[in-house]
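Two forms, one protein chain; structure tokens for each follow separately as structure 1 and structure 2.
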Structure 1
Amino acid sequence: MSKDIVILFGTESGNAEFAAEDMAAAIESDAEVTVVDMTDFDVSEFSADVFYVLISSTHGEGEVPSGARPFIEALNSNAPDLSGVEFAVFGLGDSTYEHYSRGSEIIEEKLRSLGATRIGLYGRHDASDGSLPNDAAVEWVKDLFATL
């Protein structure tokens, strides 16, 4: 891929962060990859020259995790024009809950409403099957970049 890659994670318990780091390690030989906590990301820095991979858990009753709340609030208040920005999404959740993987969906919907374009299949990890989110995230991101 000719663009730099930024992996943005939103987490409550750390699972999305650990998975983001493993994803970066899996693809870093193909491009310049940076992992950033959504809490620390300035939404005015979105760039069409960067490909974004977002990974987020879901918290409570289908809400974004605390680590993604400042990110969503900044997108809501600043409403940057994200035309030309491309991203992919991987959601963490548990399908035994009513709002499975809803946190990542909220982020995806917000980015698209501001003009960004989602690329590739929506990735998900279902904690109800007992597998580790890292394994599913790494497999998904490798498949994503193999098709880009």
Structure 2
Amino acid sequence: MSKDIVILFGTESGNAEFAAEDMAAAIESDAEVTVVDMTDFDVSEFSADVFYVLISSTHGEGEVPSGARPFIEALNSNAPDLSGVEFAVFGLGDSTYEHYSRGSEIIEEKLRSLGATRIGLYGRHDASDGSLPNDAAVEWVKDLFATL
């Protein structure tokens, strides 16, 4: 990967952050990787020179986790032009809930509506069996960068 990579996580109970750190460790020998909480990310800094990996859970009734709320609100109110920005998405959820994995989809749709392009397979993890997303997320991110 020639671009620098920013892994943006949106979390409520910490699973997405934990998986983001494992993803970073798995790919940092091949690229410059930083892990950033969506809450702390300034949406005016989106850049076409960086590849973004988004990982977010779902909470409430199919909503984004509280850690992604300021991010979505900033995207809504600032509406930055994201043309040229490339990203990939890994969604966390639990299929015993009615709106499975919806939180990450809300973010994905928002970024595309602002002109960004999603690359690669949409990754998902289902927590209904009590597993953590880490292993699935690491496999997914390795496959993603192997094909880019």
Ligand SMILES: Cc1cc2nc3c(=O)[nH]c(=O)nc-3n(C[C@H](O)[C@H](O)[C@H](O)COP(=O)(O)O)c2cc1C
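FYI, numbering is relative to structure 1, first residue = 1. Note that the coordinates shown come from a computational prediction; the quantities given were computed from them, not determined experimentally. By rigid core we mean the largest C-alpha set that fits within 1.5 Å across both forms.
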- Query: Is the form predicted together with the ligand shown as structure 1 or as structure 2?
  - Reply: 2
- Message: My question is whether residue 139 is one of the residues whose C-alpha shifts by 2 Å or more between the two structures, given a fit on the rigid core.
- Response: no
- Could the core-superposed CA displacement of residue 130 between the two structures be given in angstrom, to one decimal? 3.1
